[in-house]
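First, one chain by itself in structure tokens, the form predicted alone.
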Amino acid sequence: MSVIPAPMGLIAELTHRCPLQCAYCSNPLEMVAPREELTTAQWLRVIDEAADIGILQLHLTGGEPMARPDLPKIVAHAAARGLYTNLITSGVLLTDAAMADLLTTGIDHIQLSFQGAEASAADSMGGYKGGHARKLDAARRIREAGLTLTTNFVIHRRNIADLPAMLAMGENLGSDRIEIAHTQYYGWALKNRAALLPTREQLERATTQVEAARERLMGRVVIDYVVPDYYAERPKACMGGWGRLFIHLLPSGKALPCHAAETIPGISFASVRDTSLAEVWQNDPAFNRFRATGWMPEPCKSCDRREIDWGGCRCQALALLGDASATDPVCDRSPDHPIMAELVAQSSDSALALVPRRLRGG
């Protein structure tokens, strides 16, 4: 195979530890235990390898990446190697001291997540009393530090009615970017899909509200909007295409083309404990399994969009059809597309109890 261009970014799940227990989390049901995480020295070596192969961005996530006491060392090393470093955090651990450490070590951007605009409902979803107030303090610290602030609101059936209040809150916090992200149904979110997937009427109302906010805030605040695939007619190019733009590392060091790829049976994924990032990216059979278009079945193989959406999401095809090699059923050209309407019809009970995210299994 010819040399593959360097990935744009390394997505580093530093840990699956997190003070929150959000039922919409995309972390796997069986998460990595703290004793199985990469060490500080191993993460620093991985950062060196990332810089050496031309990776430009490091996205630090989890779990809650701030649960790692060595986070400042990791950020400092990434900055020294010239990587643009983005921290994706719940903010509940972003104290004055932690903020000072991040600034000293060279953090470039912080993306702050919220469970809603109203404290009691947000704290209930996160399972963390007082968490919403801590997040507001974190947003203030980020703005006072002069960093770009992205506020991320994950929406679902239980909080979508509060979307206007979320948009207003993001604006009032001084966000440079607001991300309104419908829940993506992997991991814990897939387990809780029946209680979280919004109705079509809710989705259409939310879309109208976002479009109005975009027009009102144009030139001042960027609003990203991620809709649930279940109502789409065309699939997204998941992660920009399998093995095209990103390497995703689990806390254990296992290297994946996307965060949910490990759910696909029959594929073994290399670990950076004993395989270099360069070797993973260029030669790992798992990364090459769904790369480009050679693997595609019909109708993908002859579709004029095959190098636009790259066949959609392999993990979604697995989750919904039991076959990671199938055309993503989100696509209306898929023979399995009618299943989407069936799933939407089944996911209509907001009274269902949610299963909270817990570190050791479902």
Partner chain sequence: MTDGTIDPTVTVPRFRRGVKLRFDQTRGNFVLLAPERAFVPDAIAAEILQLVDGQRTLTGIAALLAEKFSAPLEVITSDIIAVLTELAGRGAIDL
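Numbering follows the first chain given and starts at 1. Because the structure is predicted, anything quoted here is derived from the model rather than measured.
FYI, the form predicted together with its partner chain isn't displayed, but the following is about it.
With a 4.5 Å cutoff on heavy atoms, Tyr225 does not count as touching its partner chain in the predicted bound form; it lies far away.
The closest heavy atom approach of Asp137 to its partner chain in the predicted bound form falls outside 4.5 Å. For Asp229, no non-hydrogen atom is located within 4.5 Å of its partner chain in the predicted bound form, even though that partner is not displayed. Its partner chain is not drawn, but in the predicted bound form it has no heavy atom within 4.5 Å of Ala33. Checking 52 to 60, 299 to 307, 328 to 336, 36 to 44 against its partner chain in the predicted bound form, the stretch whose residues place heavy atoms within 4.5 Å of it is 52 to 60. Contact check for Pro65, Pro285 and Arg289: none of the three has a heavy atom within 4.5 Å of its partner chain in the predicted bound form. When its partner chain is considered in the predicted bound form, only one residue from Ala117, Leu83, Ala206, Ile267 comes within 4.5 Å through any heavy atom, namely Leu83. In terms of contact with its partner chain in the predicted bound form, the residue from Ala122, Leu147, Ala98, Ala237 that brings a heavy atom within 4.5 Å is Leu147.
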